[in-house]
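Let us start with two forms of the same protein chain, each given on its own as structure tokens and named structure 1 and structure 2.
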Structure 1
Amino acid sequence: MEKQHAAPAVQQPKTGRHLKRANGYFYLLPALLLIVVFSYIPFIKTIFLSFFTINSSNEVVAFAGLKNYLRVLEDQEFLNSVVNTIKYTAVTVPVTLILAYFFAMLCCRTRRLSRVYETMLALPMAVSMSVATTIFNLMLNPNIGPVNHYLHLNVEWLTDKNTVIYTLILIGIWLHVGMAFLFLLSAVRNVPAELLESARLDGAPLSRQVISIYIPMTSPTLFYLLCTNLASSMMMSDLVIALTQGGTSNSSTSTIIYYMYRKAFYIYNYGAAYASAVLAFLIAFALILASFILEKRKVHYS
């Protein structure tokens, strides 16, 4: 009896395996379908259409070659947007990471009030861009806001063309520091205790410990944060839209994606929108590629 039972049991995996093969695709289908339709196809379409002249009803009129690109690259507004985007990224990303690292080192050892200040330092991560800009808008208001009054400043945070970009940077840092802090905190706490102990016995000062133990040991997390922050900063546009209501007449606060958004949804110049989108992608991609080269040389995986 038992032997008869065993025979089909051995055979089952064989017939099952064919089923399983088809099965695999079945489980992936929903995810893959969405990914192809809403990531790859639009990506290819964006690149493809950037080489065509497109009318304001989004219909292809003629092949344009590089004309869209040349027109965008000659546009002073676009060049300003590139400068603003790079300025924003070049300040926001390093300051966020350094500040978050400082906070993480400060909170590294668990102390009595750890829970309290850790929660406070991480809190901005729960706040949306929209809520944050609403609050900062009022805080930085030169007439009724407390910032200028209590810091004895006289800054036109939101209207002065040369200052607005720094206001954007300030809010950008505030929005991103909480998440970076939480990641770095868990990274810093995972640095092996024996390494630190031996460094302490050798009498290495804290600055030395940070440079030769903490930073190398936390470099994977730092690298991850560098990449994600670089990517999101290079694509920043929502802050501009929400804070300066577009600043539609001037390009003093425009970023690359904001330029694209304006060309597509206000001016209906889709050729320029697609071309600037591709350029935004290329610039961001080059930066991330550069950080991967940095990773090969500097990041230490245990």
Structure 2
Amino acid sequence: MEKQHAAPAVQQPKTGRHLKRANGYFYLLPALLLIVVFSYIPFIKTIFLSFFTINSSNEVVAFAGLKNYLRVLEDQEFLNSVVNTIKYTAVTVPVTLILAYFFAMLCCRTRRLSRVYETMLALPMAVSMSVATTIFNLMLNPNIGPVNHYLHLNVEWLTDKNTVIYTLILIGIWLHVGMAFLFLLSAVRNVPAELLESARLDGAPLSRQVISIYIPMTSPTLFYLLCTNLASSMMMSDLVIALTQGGTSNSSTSTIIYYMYRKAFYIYNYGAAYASAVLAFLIAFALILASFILEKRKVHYS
């Protein structure tokens, strides 16, 4: 019998292989173009203009060097805004994640009414900011609001400088807990059942299962939510614009981004606005960078 020789493999031309590799990048190109045009170019322009004196018509007048930054850092209103922003972030982010995790654990097992209470817990994420601020503005009205009426209180929730920042924190938690709940509910439901069964057979209580199994297995989702909530909280300005306009005295609820907004669109001090925007980015970047130290130690991907 004659030996049958295998047909030699046809080599794909180098040009075809390169095109196949580059095929994925072509799909990413539209998104990359949008990011460059609407994120990176404005960001670079903001840094560049922060070193110049700019008139009320947003025209460059002269080179200012670091003067804009020094004036902003010496402004007590900006320092108050930094304190308010950090206070808002330091309370809103951990409380949001803790509440969302607690609700996710409660809803971990699918029951007959699961869809009902899962929808109720996730509902805040479907409410637009304008609608939410209108609702809370009416509810917290000191004269006609139902909160003071039914709780027999006489609190000026949105005007008293001692309580207004905590009111914004409560509203911020309510607005963000729904999205975090959905992410964490999906994460806890995907924890391997065999690990939980082994823990139960070993007599581990639920608290030990949460600490040793649930949290390590869902740590990537927790880390993602930590970073996104840090970024959104540090950039918060919509609640201040809609509800308090910075507060009644001593900038009691002004945040860094609201300070930038006020300098640009009320006072037309564009140099200070650009400088405060860069400083806001640096502070937020430092916090998120610090969270990546936690990621190396506490986040488990396997």
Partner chain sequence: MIGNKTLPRTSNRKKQRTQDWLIQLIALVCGLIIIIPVLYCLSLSFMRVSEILSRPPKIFPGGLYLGNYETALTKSMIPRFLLNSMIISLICSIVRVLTASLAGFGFAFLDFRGKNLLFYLVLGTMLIPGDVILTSNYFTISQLGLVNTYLGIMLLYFVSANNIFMMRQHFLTVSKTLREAAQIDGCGDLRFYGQILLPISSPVLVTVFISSFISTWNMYLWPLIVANSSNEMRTVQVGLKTLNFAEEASYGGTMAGAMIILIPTLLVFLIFQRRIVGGMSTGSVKG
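Source: prediction; values computed, not measured. What we label the rigid core is the largest C-alpha set whose atoms superpose within 1.5 Å from one form to the other. Quick note, the numbers are simply positions in structure 1, starting from 1.
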In this pair, it is the form predicted in complex with its partner chain that is given as structure 1
- request: Superpose on the rigid core, then tell me if the C-alpha of Leu153 is displaced by 2 angstroms or more between structure 1 and structure 2.
  value: yes
Here the CA of Val37, compared between structure 1 and structure 2 on the core, is shifted in angstrom by 2.6
